[in-house]
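Read the single chain below, which is given as C-alpha cells and is the form predicted alone.
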Amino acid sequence: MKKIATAAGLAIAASLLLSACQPAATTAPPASDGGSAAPEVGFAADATIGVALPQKTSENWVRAEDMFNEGLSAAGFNKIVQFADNGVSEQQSQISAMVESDAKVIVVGAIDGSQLGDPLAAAKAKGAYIIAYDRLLKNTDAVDLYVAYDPYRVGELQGEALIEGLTAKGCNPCNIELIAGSADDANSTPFFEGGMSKLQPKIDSGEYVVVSGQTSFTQVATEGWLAENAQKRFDTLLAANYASATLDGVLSPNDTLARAALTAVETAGKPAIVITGQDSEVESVKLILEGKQYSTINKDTGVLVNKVIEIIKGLQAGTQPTPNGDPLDNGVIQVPVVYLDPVIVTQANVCTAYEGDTVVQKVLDESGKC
C-alpha cells in the first residue's frame, strides 16, 4: 500500500534508529503477494512464543513438548506450548489464541498442514514469524521457514536399509509389503517416495514382489498414523495373501507403525521379517537390540528443537535465519528450508548412534548389549 511521504520519512528514521541499537540483521523477506505483513525481527527478549503441536501420536512429539517448554523458558521467553489432541479445529483455535496473545513467533507442527490458512494469515497480518516444524505448511503464503530433517532423504535411507536387510536375509525373490504415513501429513509423501526411489527398480525387475499388489501411496497410507489402523490392515493383508507365501520385509515409515506390523506378523504366527522405522522410539531401539526390527532413523528431537530455539533467539536479536536447502513449493509460495541430516540406525551402530540422547542412552546402558 502507498504511504504519504511524511509517514515514509518517519518510518525510515525509526528504522535507522532501531538498527543503531541492535545487531546487524539480514534483510527481512518482502511481504507476499497475498498482502501479509513482513515478519517482525528484533523483538523483546521476553516476548511470547507459540508452539502448536499435533496429536500425541508418537513418543517423538511428547519429547518435543518437554524440550520446547524447557528451552524457551531457559531462553527467557514467555511460551505457549500446546497439543491439539482433538484435531485440526482445536489446532486452528490454539493458533488464533497465540495471535491474540501477540506471539512474535509461532512454531507449527501441523496435524494437517493444508487446513491452517485462516489462523496463519491472521498471524502474518499481525507480523508474526511462522515456522513450520517437522511438517510443511501447505496452500498458504503465511509461512516463513520450514525446519525439519529432510523427509525425502529419510525415505531413501529406509529403502536402503530394507534392501540391506533383505540382501543379508538372502531371499530371491523377496516378498515385501509397504506402509505409508497419514495422507494429511505433508511428510508422508516424501517419506514414501524416497523409499520407493530405492525399491521400485527391484520391484520392476521382479527381484522384489509386493504380493498384495498394494503399491500406491493411497493404498498403503495409514490414517492418523494410528498403530491400530496399520495393524488392522496387516491382519487382513496377511490372511488374504500369505497363507502359503512368506513375507520377507516391510517398508515402514516410522517405529509406531513398524511395531504394529510386527505385532500382526507375530499374531499370525509368521517368521521374522526385515522392517524399517523412524524416530528412535525407545521400544523400537529395544527391538533393534533384540534383532526384531531391522532399522530406525535417528532424528534427534533435541537437536531439532534446539535448532528452532536458536533461530527464534536470532530473530529476537534481529537476525534472519540462513536456509540450507532448496525452497519447497507449498502450493502457493516457495518456502525457505533449514534441513538437518537424518541418521540410519541398525544393530551395527545402535550402541554409538545416540551420544547425547540421555533417554535412549539409558536404554542402551541397561540392555547389557552395548
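Predicted model, so just to flag it, every value in this text is computed and none were measured. Residue positions are given as counts along the sequence shown, with the first one as 1.
From this point on, the text means the form predicted together with beta-D-galactopyranose (GAL), which you will not see here.
**Message:** Counting any non-hydrogen atom inside 4.5 Å, which residue from N187, Q91, T222, S284 sits next to beta-D-galactopyranose (GAL) in the predicted complex?
**Reply:** Only one listed residue qualifies here, and that residue is N187.
**Single option in R259, K79, K138, R135 placed near beta-D-galactopyranose (GAL) in the predicted complex, where near means a heavy atom within 4.5 Å** = The option sitting close enough to the partner is R135.
**Request:** Tell me, please, which stretch of 57 to 65, 316 to 324, 338 to 346, 42 to 50 lies within 4.5 angstroms of beta-D-galactopyranose (GAL) in the predicted complex when heavy atoms are compared?
**Result:** The contacting stretch is 57 to 65.
**Prompt:** Applying a 4.5 Å heavy atom distance criterion, does D248 contact beta-D-galactopyranose (GAL) in the predicted complex?
**Reply:** It does not: once beta-D-galactopyranose (GAL) is placed as it appears in the predicted complex, D248 has no heavy atom within 4.5 Å of it.
**Message:** in the predicted complex, is there a heavy atom of beta-D-galactopyranose (GAL) that lies within 4.5 Å of any heavy atom of D279, even though the partner is absent here?
**Reply:** The answer is yes: D279 has a heavy atom within 4.5 Å of beta-D-galactopyranose (GAL).
**Asked** Does Y294 reach beta-D-galactopyranose (GAL) in the predicted complex, with heavy atoms at most 4.5 Å apart?
**Response** Because no heavy atom of Y294 falls inside 4.5 Å of beta-D-galactopyranose (GAL) in the predicted complex, the answer is no.
**Asked** If you check in the predicted complex, is S252 within 4.5 Å of beta-D-galactopyranose (GAL), heavy atoms only?
**Response** S252 lies outside the contact set for beta-D-galactopyranose (GAL).
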